Every structure is written in C-alpha cells, then in structure tokens.
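Consider the single chain below, provided in structure tokens and representing the form predicted alone.
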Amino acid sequence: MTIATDKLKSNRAFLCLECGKCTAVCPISRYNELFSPRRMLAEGLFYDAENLISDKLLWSCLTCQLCSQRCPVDVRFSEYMRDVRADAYLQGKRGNPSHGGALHYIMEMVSESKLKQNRTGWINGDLKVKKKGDVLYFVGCLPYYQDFFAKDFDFSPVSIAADTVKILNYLGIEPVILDNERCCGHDLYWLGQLQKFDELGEENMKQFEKSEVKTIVTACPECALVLKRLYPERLGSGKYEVKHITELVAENIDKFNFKELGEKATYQDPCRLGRYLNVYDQPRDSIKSIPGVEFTELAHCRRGAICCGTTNWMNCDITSKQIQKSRLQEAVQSGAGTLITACPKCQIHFRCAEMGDENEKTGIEITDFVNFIAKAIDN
C-alpha cells in the first residue's frame, strides 16, 4: 500500500529535505525516541505504508505545527498526519483514546441530525442571552467537560462559558446561545474521521444560518480554528465573522474598568490560537492592562511555545505527562504564581498532570483567560 500521490503533493511531502529539523523541535520526540516526524514522512514516501498505518505512534503526533514552522520547505506535516490517519480509520485502525474513548463517542453521537440536547443548564439568571441576534457565543464542549472533569478538579469547565457571557454582557452584548449546538468536530478532523466532521459542520452551519448571526465568538481556540478556517475549506464560507474571546477583549480593552489584582502571571500559548491563527499579542495586551498584574513570559513562548502534551483525547501517556510537567516547571521558573491559558483543554491537561504525588505538584494556580478577566472586572 502507498499513500495517495495527491495527498503527498497537497501536503508538500515530496519536498522533504530529510534535514531533521522537524524531529529536533517535536515535543513527542524529545521524550519518546521511537517517534520521529521525519520517519513518519519517509515511511509514507518511500516504503510500504501499511506499517505506518498500523503503527500506534501514528496517533501520537500533536499536530501542534512546531515542525512545520521550522521546516525550510514548508512541508504540511500536521495535514499529512491527518490524511494518513484518514486512511488508517477507513481500515479500522485506531489509536489509544483517553477516558475509554467516551469523548470521541460524544462527538460521533452529536452529529445525528435528530438529536435534542439539554446543554444550557449553566445559564443562570444573572446572564443575559437570547435566541436571535447579531452575536452568537459558540460554547463548544464545555458542558460535556463539566460532567467528565468537574468532580476530579477544583475547576468548573462551564465557568468559562458563564464568564464569557459575563464579559460579553459587560460590553453590552447579549449573545445568542444555541439550545442544540453540536461539538465543532475539531478532534474528528485531526483523527481523520472527515465524514463525521462534515456532518457536524453541516448541522452547526444550519443553526448559524437560522440564527442570522453576523459574528461568532468562542472561548476555545479549537472551535475558533474550525469555524474560521476548516468549515470554510470543506463546507463553504458562512455569512459571519469568527473571533476568539481574546481578540474581542483586546479590541474593546478601553471599555473595561479593572480592579487591582496584585498577581504575577504568565501565559500558555495554545497551538491552535497561536501557530494556527497567529493570535499572540491580544491576550498578552489584555492581561497587562489589568492594574497590579506583573506579566512574565515562559521560556518557550509565542511561536516557540510548547503544546500542553495531549490532543484529540488520544495517547495520554507518560510522554504526555513529561511534556506537561516540563511546561509547568517552566511556569514556576518564570516566577509567576498564576498560569493563564486560553484553551479549556490546556487547563484540563495541566490540572491532570498536577494530580497524584503531592511532592511533585508545582503549586502554581492554573486559570483560563476569561476567568482571569472576569475576576478583574470592577462591577
């Protein structure tokens, strides 16, 4: 078996120089010497790809794009891995999903057109939302994460949703919240389950059109990437603009009245928000605008930021934990007391890494950008 020539061409795989720069910066390769982006590419190009499709390491790639960013010939490695996984999926091959694959099953189930969900119970009387309007808040998987993770961590995933609405209300926006919103399908896309991804996208886009929204805001970088770039690439462009909440806050920063917090904070660049969507300055500018906040950078930041170690709810293993613990140590070494991230999954993965041996815990506070901003608002 070979990888289809059109896939190799579209992902620029034929241009590989075998220079090894991809492997040199890969977070997985740093801790697992068996994994090499260059080897994965060479197997698809020059050898029988059957071994590659059956290799469990195929699912280890974080698609974080550090390798593509360093590649001198712009090989689209993350997209190459997606396409190989799509071939593997069609042959019934799977990786090692975390949490028993339950979160994957949810993504597949919510693609059914007749599904009716109950996912707005987090909206309390203090939050102002509506059914139709110009601005829609795409909540994403936070209500599902609430059921999975709230009992294990001192952290409520839906608090990110509530504080996002709080911020929008502060700016005079009453957002549309969809009663039957679906998962955006981000993980299915990168796992190669493209048909299911398209089904989810079609269902979501139908609801967007019915709501007649002009702007969609999300607090999840993965949702932002999907709505802004992946849906248009596969399903056609919608009649709306997509913004991550960090962009919206930065655009309106002069409208906020913040109280003094007196904290030293650092920031984790989510892969999808940073390398994929080039959003770096906006969250930093907003955090620095809060009185009393001393901002410090991680050793690896912006374009060189290291991923949180797990993606698509796959292969959560010792390699992932080593990446996460190393990242948390960077946060401690920065002198910060608070690590801010703008991706719900980053926070979940970092908190998971802090579980277990009390002697190995860093003690650093981990919070989401919207929770941090909402805490600073002087009502």
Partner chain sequence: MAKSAEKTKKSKSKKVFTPNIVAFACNWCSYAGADAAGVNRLQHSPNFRIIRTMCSGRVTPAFVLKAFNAGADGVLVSGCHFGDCHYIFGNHKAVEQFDKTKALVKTLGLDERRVRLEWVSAAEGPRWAELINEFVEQITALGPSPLNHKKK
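If you're wondering where the values come from, they're calculated on a predicted model, not measured in any experiment. Positions refer to the first chain, counted from 1.
There is another form of this protein, the form predicted in complex with its partner chain, and it is not shown here; the text below is about that form.
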query: Listed range touching its partner chain, judged in the predicted bound form by heavy atoms within 4.5 Å, from 278 to 286, 300 to 308, 200 to 208, 99 to 107; finding: 99 to 107
query: Proximity to its partner chain in the predicted bound form, single hit among 170, 295, 155, 148 (heavy atom within 4.5 Å); finding: 148
query: Option touching its partner chain, based on a heavy atom within 4.5 Å in the predicted bound form, out of 91, 195, 117, 252; finding: 117
query: Distance check, residue 258 to its partner chain in the predicted bound form, heavy atom within 4.5 Å; finding: no
query: Contact label in the predicted bound form: residue 95 to its partner chain, heavy atom within 4.5 Å; finding: no
query: Residue contact check: residue 238 to its partner chain in the predicted bound form, 4.5 Å heavy atom; finding: no
query: Touches its partner chain in the predicted bound form: residue 133 (any heavy atom, 4.5 Å); finding: no
query: Its partner chain in the predicted bound form - contacting residues of 24 to 40, heavy atom within 4.5 Å; finding: none
